[in-house]
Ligand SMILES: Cc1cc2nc3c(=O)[nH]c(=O)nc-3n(C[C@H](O)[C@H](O)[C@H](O)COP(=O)(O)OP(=O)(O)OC[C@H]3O[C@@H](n4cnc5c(N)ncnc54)[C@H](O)[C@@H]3O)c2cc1C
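Listed next as structure tokens is one chain, alone, in the form predicted alone.
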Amino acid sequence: MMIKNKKIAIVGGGPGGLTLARLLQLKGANVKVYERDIDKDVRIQGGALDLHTESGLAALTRAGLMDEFRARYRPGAEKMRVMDNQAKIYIDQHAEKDTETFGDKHHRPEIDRGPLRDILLGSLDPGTVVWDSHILSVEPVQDSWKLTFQNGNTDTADIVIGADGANSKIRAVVTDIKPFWTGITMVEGSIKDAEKTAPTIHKLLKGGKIFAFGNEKTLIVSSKGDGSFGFTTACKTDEYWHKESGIDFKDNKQVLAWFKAEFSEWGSVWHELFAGENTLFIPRPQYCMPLDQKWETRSNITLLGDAAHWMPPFAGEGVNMAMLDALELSEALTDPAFADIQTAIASYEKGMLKRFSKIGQGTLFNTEWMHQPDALDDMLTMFSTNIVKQARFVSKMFIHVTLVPFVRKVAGLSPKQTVLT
């Protein structure tokens, strides 16, 4: 095996990095995961994830973790209500009978990020994750790498995989290609004890999801198993609005004032999302890596997940792509058909970048049409067609890329209209 007696460093302990560690350990590899969090409990994990049969679930199956997943996923959490900006319900999946199950192509079971992370962490050998390891730099030392961390620690590795997200420090070593601005900023919020803190929205949510459209803006709410929920607003802004707006996103009153002004056409029912004193807000400007990105493969360093192909979340593919990256990279690094590690990495990167090019196109298209004036009408039209009923949509209400040509026709967009300007 090419990686026998090689020390592998995975930088980043998200779903992609942890999945890769699990898959490589099953094959006898020497793996460490360097994660910036002080421990597994220090940071609130994000909202629910819908895992796809051909990617996220395929990786968990290969990792031997499907029994754990079945025990901890949340049936019904994928059900959604589509609303307008006054919270009028147009589509209610809670009234529909479930038809998909495990193994079906379009089955999209939901699991919260926290439980998924716990499943993956619990599957690793003791000591695999090195906590409090915020990476500062990676430097070549002969045929290996020196990793330097913010806490002053250093380590070395024969192979480095950057799974450290959108702001990856490892990416700069692999390529100098930069992301481009998509024209959209999201504001993310997290509400604890939602039944008491936001009772009206909690009742509307019904343990699933809300997708609201109006005035070239979106608002998405997603339940969590611990009684909390997360939500995001999204609208067109200047690129550096989150820095130049003057809004203190730690001041809920300022954020509510912004929402009332920016989303002035939206009903007051949504104000409940911003009223709680303990609600946490994070502005998230949306970028995307170029769809045609390519780089020269290095002999012992590569990327996966957002570090490789950062894109907006409007296709529900981010975590699924990262976990599929992990599956394909683990297979490449342990495939005896490859003459050396560089050849194996080159094969992995070629497939990964080709896949991103296709999914990224659908993502950018979704980013545009979901924030145009007729988004709700187009959504309802698509739901009324047989093709969407058969495809069942992905559970987060994001269009699967195979439907993009159809959606273009419905929305009246030309084939070249894919990116907001």
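Note that residue numbering follows the sequence shown and begins at 1. If you're wondering where the values come from, they're calculated on a predicted model, not measured in any experiment.
Form predicted in complex with the ligand: not shown, discussed below.
Residue heavy atoms within 4.5 Å of the ligand in the predicted complex occur in exactly one stretch of 315-323, 76-84, 248-256, 192-200, and that stretch is 315-323. Contact with the ligand in the predicted complex, defined as a heavy atom within 4.5 Å, holds for exactly one of K236, H242, K146, H134, namely H134. Shown alone here, G165 lies within 4.5 Å of the ligand in the predicted complex, counting heavy atoms only. The ligand in the predicted complex comes within 4.5 Å of a heavy atom belonging to E35. Under a 4.5 angstroms non-hydrogen atom cutoff, the ligand in the predicted complex lacks A21 among its neighbouring residues. Though the partner is left out of this view, R117 does reach within 4.5 Å of the ligand in the predicted complex, counting heavy atoms only. Of the residues in 1-34, those that come within 4.5 Å of the ligand in the predicted complex through at least one heavy atom are, in sequence order, V11, G12, G13, G14, P15, G16, G17, Y34.
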